[in-house]
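As a starting point, one isolated chain is supplied in structure tokens, in the form predicted alone.
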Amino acid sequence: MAAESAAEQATDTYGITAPYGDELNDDVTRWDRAAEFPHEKWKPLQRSGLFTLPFAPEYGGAGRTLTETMAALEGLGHTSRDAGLNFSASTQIVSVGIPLQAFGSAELRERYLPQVTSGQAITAHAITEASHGSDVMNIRTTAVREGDEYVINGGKLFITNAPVADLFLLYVRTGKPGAFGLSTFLAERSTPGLTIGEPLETMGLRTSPISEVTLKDVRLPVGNRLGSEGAGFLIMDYVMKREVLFSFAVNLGEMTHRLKRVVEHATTRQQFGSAIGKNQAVAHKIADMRIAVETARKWLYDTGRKVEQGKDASLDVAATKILVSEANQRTAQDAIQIFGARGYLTDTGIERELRNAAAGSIYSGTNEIQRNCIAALMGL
């Protein structure tokens, strides 16, 4: 995939394409109903080079910038109607590859990054726990050092890609509660003591599987630790900023496609002798959708450039996450209303977009937590 062309296409609200053909959109409704990860659709994503974009050439990467990668992911969201697959794809890039490149040892990078950039190894990061979702400072899963190994015990829940993942980045406690008590470790699926639960059934993003991960006396060598002991929260902060930008760039692409579809429907659907788009109530909804899309685009790419330049973007990332996730939900609801009864039918795919959008205000830090962060940054 040429990142430059993807970036150019992403500036055209109604003209984003990507070199996947129709493969990603085959039987989307069937896959959604089955709630299965579509392995066969992973292959065109691999061929496209999507997973290579933000990584160094020596590891099979394309060496593209953060905002170029965002543009390509926006193109994916516009092209692919399988939002679950789209979410798993953005998770693939950010969950292990991004922190491994930034914080991993040379040995870990050389061993694992080519597997990530090729898409040969599917990845997941295990942060959330049953009793600690947003409260990451008090994660209970522990890693105790014994000589040249760490012994890890605990459990993780709601882990995206876990049922199909080959590599896991584990966020665990190596010290006291607080910002410097967390550390991160890379583990293979086959590691003794690491057990993957059955996929959990979800409301939306049903082709992006999630499950529990149980860790019982998991032994990992010290060399599998990313960064120094206690650097886990700093790594998490680095990763989560990029997770927000990548995941919601995908949502932006999905929103632009939704807007295009709504405009086409409003200009062709006739009621009372004219197109429904001539009705001011409908036209105003569509105008608001366009405002939402363009506002989301501005926040995403302005924030992306700020992160890219190494500037403090904590408030910007939190605001971007809130704005884009809520715009995605709102425009999906409006699309159903504009399509009317057709929007309520599963075969049209409109109702599926609302189910998929609902997760956005929860993952990557709930919107309530993001508002708390903004308030704290304002001194409140």
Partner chain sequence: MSTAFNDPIRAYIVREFLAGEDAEDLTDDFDLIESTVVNSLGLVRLISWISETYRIPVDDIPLEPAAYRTLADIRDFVGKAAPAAPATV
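Positions refer to the first chain, counted from 1. Note that this is a predicted model, so its numbers are computed, not measured.
Below, we turn to the form predicted together with its partner chain, even though it does not appear here.
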Handout entry: Contact residue in the model of the complex, chosen from S228, T295, S274, S131 - any heavy atom within 4.5 Å of its partner chain
Key = S228
Exercise for the section: Consider the chain as shown here, without its partner, and state which of R242, R258, R206, H265 has a heavy atom within 4.5 Å of its partner chain in the model of the complex. Expected result: R242
Practice task
May I ask you to check whether G310 falls inside a 4.5 Å heavy atom distance of its partner chain in the model of the complex?
Solution key: yes
Problem - in the model of the complex, G340 touching its partner chain (heavy atom, 4.5 Å) - result: no
Exercise for the section: Verify the contact flag for T65: yes if a non-hydrogen atom of it lies within 4.5 Å of a non-hydrogen atom of its partner chain in the model of the complex, no if not. Expected result: yes
Exercise for the section: Using a 4.5 Å heavy atom cut-off, state whether F246 contacts its partner chain in the model of the complex. Expected result: yes
Problem - Contact segment among 54-62, 24-32, 319-327, 37-45, judged by heavy atoms lying within 4.5 Å of its partner chain in the model of the complex - result: 54-62
Exercise for the section: May I ask you to list the residues of 163-192 that have any heavy atom within 4.5 angstroms of its partner chain in the model of the complex, in sequence order? Expected result: A179, F180
